[in-house]
Ligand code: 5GP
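One chain comes next, on its own, written as structure tokens: the form predicted on its own.
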Amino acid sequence: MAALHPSIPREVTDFLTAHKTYYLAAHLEPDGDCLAAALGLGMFLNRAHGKFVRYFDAGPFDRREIQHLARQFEGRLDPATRAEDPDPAVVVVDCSGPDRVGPVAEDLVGLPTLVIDHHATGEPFGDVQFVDTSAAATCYLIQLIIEEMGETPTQEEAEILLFGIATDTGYFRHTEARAAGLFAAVSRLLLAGASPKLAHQQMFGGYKLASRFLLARLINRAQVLEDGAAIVTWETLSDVEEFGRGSRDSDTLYELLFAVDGVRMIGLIREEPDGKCAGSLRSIDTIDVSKVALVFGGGGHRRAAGFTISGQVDAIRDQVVDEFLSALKRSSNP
């Protein structure tokens, strides 16, 4: 019988006690899991071990549900600050590769580095790696580390960790079978005082009517592939100008489209400033969208992946359509 939880390597807990200052870095275009993982671990290290912590993420903090966390993160580390901080080390959370850390990676060169992640793609980096692709969220791994170090999360830590787990699992919609370990861990967060109601409100509350109009536009313009097996849609800068960046609500878009009978894959391409596009890819069965994301220099999970690439939105959309068609063909002819 498989172990209920991932095991925590001794070198991880040793790393988290060996230094006096910890720089906690999360990935570009952050989501709730990466920010909450950094904050949850940092709160614990400061509270239980007296460590000094700083948080780094270059953003952009476009997702409505994470904007209240943005003020706690810095974009860069000043060399003078690094020189003054005693015995610094780095913990990179939820990053499949060093390029995902962004510009602050240049400021952290030469420091001892621990990587904590649950993504399947990317080249190994850092001095110590704790990567478990069976974990539903990086916040789940952070909780297990805290417990392995003999502590119980405080209510504040439990709330931020539950929020991260909930965001990365789509409020548990994407949780696979045999997830008893995850739900056992979540129950311990509830015992510590975390509120599922609060996590749900943070994820799904507070949208404006304009967000519903934007959803309608994205659905109305969607390309339907292979009799509805896949759907690709896109968002332009003019859409953002009209409806506002805060109107983005990809989770609801995925939920609505996956409710359509026969849909297996969804691609959302967003036009970004500076001639770039961000792609978010989702699947609900055996198709591995992280392999599609890898074609565009990205990565992620089997059922949720993404990328950022230079190019025009129409051209990137067409390339994603081609890759989706190829993936569907491979899945029908294994």
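Note that this is a predicted model, so its numbers are computed, not measured. Note that residue numbering follows the sequence shown and begins at 1.
Only in words, not in the display: the form predicted in complex with ligand 5GP, which the text now covers.
- Of the heavy atoms in Ser96, some are within 4.5 Å of ligand 5GP in the predicted bound form.
- In the predicted bound form, Ala26 stays away from ligand 5GP, with no heavy atom inside 4.5 Å.
- For Arg100, a non-hydrogen atom is located within 4.5 Å of ligand 5GP in the predicted bound form, even though that partner is not displayed.
- Contact check for Ala304: a non-hydrogen atom falls within 4.5 Å of ligand 5GP in the predicted bound form.
- With ligand 5GP omitted here, the record of contacts in the predicted bound form names 280 to 288 of 280 to 288, 52 to 60, 39 to 47, 66 to 74, defined by a heavy atom within 4.5 Å.
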